[in-house]
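In structure tokens, the next block holds one chain alone, the form predicted alone.
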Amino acid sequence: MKVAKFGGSSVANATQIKKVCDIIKSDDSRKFVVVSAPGKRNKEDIKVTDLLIELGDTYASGKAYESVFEKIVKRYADIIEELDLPKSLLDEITDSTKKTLESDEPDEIKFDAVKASGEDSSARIVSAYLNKIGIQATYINPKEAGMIVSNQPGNAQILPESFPEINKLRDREGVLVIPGFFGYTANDKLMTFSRGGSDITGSIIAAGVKAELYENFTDVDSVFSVNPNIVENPKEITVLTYKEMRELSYAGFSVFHDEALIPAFQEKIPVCIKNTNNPSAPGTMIVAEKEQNGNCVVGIASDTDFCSLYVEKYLMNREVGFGRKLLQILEDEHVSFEHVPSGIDDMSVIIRNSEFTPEKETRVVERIQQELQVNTLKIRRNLAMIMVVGEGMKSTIGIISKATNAFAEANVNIEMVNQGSSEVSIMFGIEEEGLERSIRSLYKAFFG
């Protein structure tokens, strides 16, 4: 029994949806199907979810929204017409989207429902086409599936009581097609996961039904060891552990949502990343444990748009509670942090720029100076983080030496290094302008 999740590129148009249904038809064990909203048909195209966000913003501002609405309807109309599905399906999707938009719900709840309509419409279309080609299929709304989530618009979390309800889906006949990205609160309010949350839905369903395999179909044959936009023809990764994939996805690998593996990880369900356009390719397996052979480094990931908050105070290490007080100030200002490398008399907090707005920066700086009496306080922006990832690195001699030599060969200065308690990754902070040189040099050092 498998759960197959298909991303936005896999349902972007009728041609792709036909491929999806052929994949489902080719394997009777693919009983549970989770779909995203239609993605880009080409590089210049717009994702349906982005159009829906624009629709919600336009409607909320009181401006004329009809042109955006028509773009969305046209996407569905083209798909439904080419699949030769009943026009009544388009009417149903159109009416449902408009009803959601004009509802009396508070704006943040309504906005979640508008965003989620993309996945919901995809599921209805895929289910209808499966039935058309002779496969018994049923559209299952997340509420019916038992997806009970926390009351956090745009950032919902699955609740433990969901899993026994989801497990009941095993008793249903035929293929069940479930929209990703959202669930319902105990009070029947629709809430979405964070962006890219269809991956989360797939993992939750896999955990709930205790699937033998969770297949995540995307538009690449496998996970690469490094960004192929930076390094030409990089090495493919055939097997990864959950921990390695979690580190890679957090640090900029766009193949998988960084929260998505958690439910599958908890149930030790293997995950396979496969290509909708080349389903016979073996893909990348993600497992709980793997045998170590050869190079312990499996991948190099990176992300940009970070800043560092650096504080220095003489005898900081003797001041009980200093770190807690610093982080408390950030918490009070609703600023989340990513890393906290520290020394005896100094401490850095790595924060995403989007979290640390100029207004928050001003308040945080004032409070640190007044409450902590530091000797030095510096803020640096335009930083990039690079993660060298692989199980067994902590016990392998020479990894950091090899990495630092690679930075030197790329003529890039390392601003910070953080391994800390992680056994599967080492983080390097550098200025953004040296990112691509560093990635190429690191790839050469670890993969040849």
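The first residue of the shown sequence is 1; numbering continues from there. For clarity, a rigid core is taken as the largest C-alpha set superposing within 1.5 Å between two forms. Only a predicted model underlies this, so the values are computations on that prediction, with no experimental measurement involved.
The discussion below concerns the form predicted in complex with a further copy of the same chain, not included here.
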Among Gly323, Pro279, Gly174, Gly154, just one has a heavy atom within 4.5 Å of a further copy of the same chain in the model of the complex, namely Gly323
Consider the chain as shown here, without its partner, and state which of Lys99, Lys168, Lys378, Lys87 has a heavy atom within 4.5 Å of a further copy of the same chain in the model of the complex. Lys378
At 4.5 Å between heavy atoms, is Asp120 in contact with a further copy of the same chain in the model of the complex? no
Taking the shortest heavy atom distance, is Ile414 within 4.5 Å of a further copy of the same chain in the model of the complex? yes
Please run the contact check for Asp199 against a further copy of the same chain in the model of the complex: heavy atoms, 4.5 angstroms, yes or no? no
Is there any non-hydrogen atom of Thr138 lying within 4.5 Å of a further copy of the same chain in the model of the complex? no
Indicate whether the candidate residues Gln266, Gly343 and Thr396 are all in contact with a further copy of the same chain in the model of the complex, with contact defined as any heavy atom within 4.5 Å. yes
If contact means a heavy atom within 4.5 Å, which one of 306 to 314, 204 to 212, 138 to 146, 358 to 366 is the stretch that engages a further copy of the same chain in the model of the complex? 306 to 314
Which residues from 326 to 344 come close to a further copy of the same chain in the model of the complex, meaning a heavy atom within 4.5 Å? Leu327, Gln328, Glu331, Ser336, Phe337, Glu338, His339, Val340, Pro341, Ser342, Gly343, Ile344
Using the core for the fit, does the CA position of Val320 change by 2 Å or more between the shown form and the other one? yes
